[in-house]
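Here you'll find one protein chain in two forms, each presented separately as structure tokens under the names structure 1 and structure 2.
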Structure 1
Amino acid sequence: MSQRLIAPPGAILALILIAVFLMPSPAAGQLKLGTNALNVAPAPSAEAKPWAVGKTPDEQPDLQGYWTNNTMTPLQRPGGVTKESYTKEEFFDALKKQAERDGEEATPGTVEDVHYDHSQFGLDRTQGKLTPNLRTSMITDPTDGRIPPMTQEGKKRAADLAAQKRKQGAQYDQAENLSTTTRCIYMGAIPMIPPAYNNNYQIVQGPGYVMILVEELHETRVIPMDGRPHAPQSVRSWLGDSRGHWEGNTLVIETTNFNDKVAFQGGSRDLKLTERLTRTGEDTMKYEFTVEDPHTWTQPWKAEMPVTKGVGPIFEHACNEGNYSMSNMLAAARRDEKKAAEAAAKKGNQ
């Protein structure tokens, strides 16, 4: 995990307040970048020098450094929300409510009290560096901010998978029924959508390659930039097979060859992901991605989000609970079943 701000909820809220009101206002006549109303840079002035992306020793646009996309903006637009962006006041109100929820304490002795409480460990999104984003969804296309409808093929595959899971039994009937996230196997490194915590990345460039370290589960993406073809279709992996190239100052990464278990948003193994990373300022970057999967959705869909400079180094996120606690979780489930059976038998004898 990277360095994080650990402070009482009141202090966190105060910092959020400061951050929000120090943000430049689009109404002030400043340069708007992308579709994020708050992701703006000061308009060039006579005193300010125009910003230009730096170059690496091999003359490539320099994206290197520590970055974070920590945000409160969801992938899909929430139900009942019809507009593309919130006002600054609505954005602040949402942050305030989130900070208040984070400050609530669970009742001692309950499941909620012993389960993960991110704020206790400085992992809550409001405790890290927040990337301002007024959009109501990351998805920009379709314009309703929602993932497009599934094809009949996609619906059938989802139904078959649900039937298979029902056949396998309840979540704690066997280790294989727990998610790959719970089992610390895979937590969705591609596309780089911010998870609940650990929203940091490190980019390192070298001749012929770009490396992106994803903090969550310390996944490392090594992306060839030399124009080589994709691996054969028979070669599949959790992170897929990525190839990169430059379009001007934009890093374009095309990834295919996912395995059957990734299933991003219910997608198939033939999903094609195209990511675009463009540096927009000394401390800002724009991240876009396009999902193409005719086996799952009726049309391709796109999303984007702002990224800001983070703080390094990134410490290794080691997920061990799902491995070493597996026997405890399954044993606890068997014990609960035994207690329920004994209680039922006792009630039947009364």
Structure 2
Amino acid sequence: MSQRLIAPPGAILALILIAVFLMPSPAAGQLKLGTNALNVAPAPSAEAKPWAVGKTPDEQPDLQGYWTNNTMTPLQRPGGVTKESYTKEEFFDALKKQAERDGEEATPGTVEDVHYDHSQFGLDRTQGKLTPNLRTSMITDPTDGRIPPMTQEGKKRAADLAAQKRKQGAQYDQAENLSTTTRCIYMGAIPMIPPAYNNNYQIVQGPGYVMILVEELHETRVIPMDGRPHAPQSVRSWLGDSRGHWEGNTLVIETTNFNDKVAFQGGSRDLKLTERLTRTGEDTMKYEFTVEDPHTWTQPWKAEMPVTKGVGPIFEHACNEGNYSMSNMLAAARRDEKKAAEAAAKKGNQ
């Protein structure tokens, strides 16, 4: 009868994490404490000797391998935080407070008391290898770490979209009313902001192309590097049309031709995304992206995050093929409606 689904509150885990993070880093880099949760890549040391990126057989900077960008750092700076970066102590204090909030006791039998066991569904980020990032937001520009204000056009589009959604009916009326994530259609593979789980990537460089396999939804970004123009404007898609080139050792990927449905942070189909990937060490890479969309925001904005060597291989994420939850949710909604109708009919007969 109890609705309580949670495992022990995450606060304990946060405390363990604090202890681990504050320990001096061993030379080997990774802390192997018997649980995957606590594998933390080393922070680059100031005394480290200069590191030079290797080359592929055809002389491109070698970015190949498995990578992860799993992080606790949010895209936007949380309210009340003014610093650009935390100290380690502050970071864990914030983490601990979050864990305590997640683990708060509520009155049994109330909706507030329904907790998911995040670790059971891989939604607890500490289950994977964490990429250390003490920044308080991924956004670096504007300097307040927040997405810039929307233009009038952007606001109007968002309002129109919301009105359109309302016309489609309630959330569980049909599959189309649910999020593209629930529908296994699109989980925000671009820009590569870490999703709740499966935040793993594989880069393979072949002649003339860089391929980035995004584990979530097995999104395969095959990026031409030969300087060809973008596909015609009429060819639009969820992940858009990417073209890459090298600027020194940095892989620069420019993407346009998005469809009307992506709406990354409320952006328009004419959003232009520029991503920059730079190896900073054997196990580290910097990922930066710039969003330009004058139809939506008053200024372009930028974000950056570290990426670390991940653990391969990447397994097939067959989401649509195993999407039982969709059927379950819709079937449950139909059953509720039927029960409500029966109850109403019964009441009418009395």
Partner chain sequence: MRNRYRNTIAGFAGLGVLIALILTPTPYHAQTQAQPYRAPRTKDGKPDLNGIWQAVNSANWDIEGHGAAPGPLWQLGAEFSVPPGLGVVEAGPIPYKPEALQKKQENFADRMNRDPEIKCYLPGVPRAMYMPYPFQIITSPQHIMMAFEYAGAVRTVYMNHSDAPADSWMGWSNGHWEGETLVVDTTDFNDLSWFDRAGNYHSDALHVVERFTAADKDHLNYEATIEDPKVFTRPWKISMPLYRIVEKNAQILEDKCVEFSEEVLYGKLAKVPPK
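For the two forms, the rigid core is made up of the largest set of C-alpha atoms that agree within 1.5 Å on superposition. Residue positions are counted from 1 along structure 1's sequence. Everything numeric here is computed off the predicted structure, so don't read it as measured data.
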May I ask which of the two structures is the form predicted in complex with its partner chain?
2
Determine whether the C-alpha of Tyr172 shifts by 2 Å or more between the two structures once the rigid core is superposed.
no
Relative to the superposed rigid core, does the CA atom of Phe92 travel 2 Å or more between the two structures?
yes
Core overlaid, Glu342 C-alpha shift between the two structures, how many Å?
4.6
